[in-house]
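Only one chain is given next, in structure tokens, and it is the form predicted alone.
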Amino acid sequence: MDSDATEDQRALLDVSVRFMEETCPPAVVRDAERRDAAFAAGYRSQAAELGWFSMLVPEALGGGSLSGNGVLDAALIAYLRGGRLQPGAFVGTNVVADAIARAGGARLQAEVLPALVAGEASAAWALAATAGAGSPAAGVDARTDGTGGLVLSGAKTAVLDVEPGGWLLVTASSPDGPVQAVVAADAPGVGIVALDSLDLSRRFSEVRLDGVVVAADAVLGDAGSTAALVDHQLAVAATLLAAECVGAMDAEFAMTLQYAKDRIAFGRPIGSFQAIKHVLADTSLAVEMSKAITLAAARTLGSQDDHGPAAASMAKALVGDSAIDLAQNCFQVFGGIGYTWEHDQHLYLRRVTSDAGLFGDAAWHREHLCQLSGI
């Protein structure tokens, strides 16, 4: 996706491609039963050896990135993951690791953060709720326990890739504003309920919290700084997810373009017919625009530019809409074969459709962009 990638970045991308193709090829993506807890642990451990979870963590805390722009490096990996429909808590683990590095206390940075970087555990951000008009803090209420800790009650939905033995970053509401805490996925009072999902390549869960007690040293930041931290987390999550979506879009379009060249109708490749040419040309433009805006968002956000959160919302909104249009156009080119279970087309449609809604859909991010701009 990045024509200006350095030699070190290209080397990482090459070895990452080999790892994904060997460890989780399409046959494994299709078979959820093969992607059990043992598979997830092995996949995560090997990915960590490639540095997938260290890019947003400062070197002083055991992390580091190749280019000095960790968001950009992680976005390039996310692009490759999306094109191969890879499972696993890549976005969540990176977002939580970044949050702990920025606002976590000594215990979180000494115990949880190294485990995330080393791939010994994963993390998920419990953000979305069934009510609350898209507010990140909706769904879970927090009250103080008198010792500086919190008691959490409520539920979050569509939590991506919660893995056994992993961690949850829960964003909740309190009388003083939004608060955040890191909670073990198997802590007392935490219930993980698997959800049926359109996307077959990943797992989604509802996280239920019933009076979960969180110690003071597991709370991130304070009431005055949490809102800004949540905005930053949303920007990182939106950028990385947009990069995964662009990877899926690029792979699906390449597959469709090749089919238009190979499929013969009336003695000619169907791609030679004007109507299909126009669809493919418009779709190609959508892919290139999505690449460009996502790269710009990753570079801007990773360079600590004040425009980073706005650039991330622009990217998530444009990519979300473009991905849905692309998937539908590709279905039209494939015709009946694209609707069959055996063809990979439906896997990409499922992936980009779920990507479009996660961490805020296009409408939410346009509204958020207006708020960031003071409109």
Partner chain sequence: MNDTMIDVEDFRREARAWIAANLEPRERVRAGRVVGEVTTHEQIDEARALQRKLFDGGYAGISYPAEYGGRGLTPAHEQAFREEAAGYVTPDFGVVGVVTMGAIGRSIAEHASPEFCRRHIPAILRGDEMWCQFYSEPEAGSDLAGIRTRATRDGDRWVISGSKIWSSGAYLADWAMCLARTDWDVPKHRGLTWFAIPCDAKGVTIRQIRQINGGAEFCEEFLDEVEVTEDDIIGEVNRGWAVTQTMLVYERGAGETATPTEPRALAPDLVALARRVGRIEDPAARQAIARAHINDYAQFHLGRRIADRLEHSHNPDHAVAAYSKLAAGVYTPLRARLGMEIGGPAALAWAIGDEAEGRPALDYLNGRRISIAAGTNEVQRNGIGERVLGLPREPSFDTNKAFNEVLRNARNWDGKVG
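Numbering follows the first chain given and starts at 1. Quick caveat, the model's predicted, so the values are computed rather than measured.
There is another form of this protein, the form predicted in complex with its partner chain, and it is not shown here; the text below is about that form.
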Based on heavy atom distances of at most 4.5 Å to its partner chain in the predicted bound form, which listed stretch, 169-177, 300-308, 128-136, 193-201, is the contact stretch? 300-308
Can you check whether Leu347 is within 4.5 Å of its partner chain in the predicted bound form, heavy atom basis? no
Though only this chain appears here, would Ala363 touch its partner chain in the predicted bound form if you measure heavy atom gaps against 4.5 Å? yes
Contact flag, Glu288 vs its partner chain in the predicted bound form, heavy atom cut 4.5 Å: yes
I'd like to check something about Thr147: if you look in the predicted bound form, is any of its heavy atoms closer than or equal to 4.5 Å to a heavy atom of its partner chain? no
Have a look at Leu66, Val29, Met314, Leu61 for me and say which one sits with a heavy atom within 4.5 Å of its partner chain in the predicted bound form. Met314
The one residue among Ala251, Leu257, Ala115, Val151 placing a heavy atom within 4.5 Å of its partner chain in the predicted bound form is Leu257
Can you work out whether its partner chain is within 4.5 angstroms of a heavy atom in all three of Lys261, Ser272 and Leu280 in the predicted bound form? yes
Could you run down 315-347 and flag each residue that has a heavy atom within 4.5 Å of its partner chain in the predicted bound form? Ala317, Leu318, Asp321
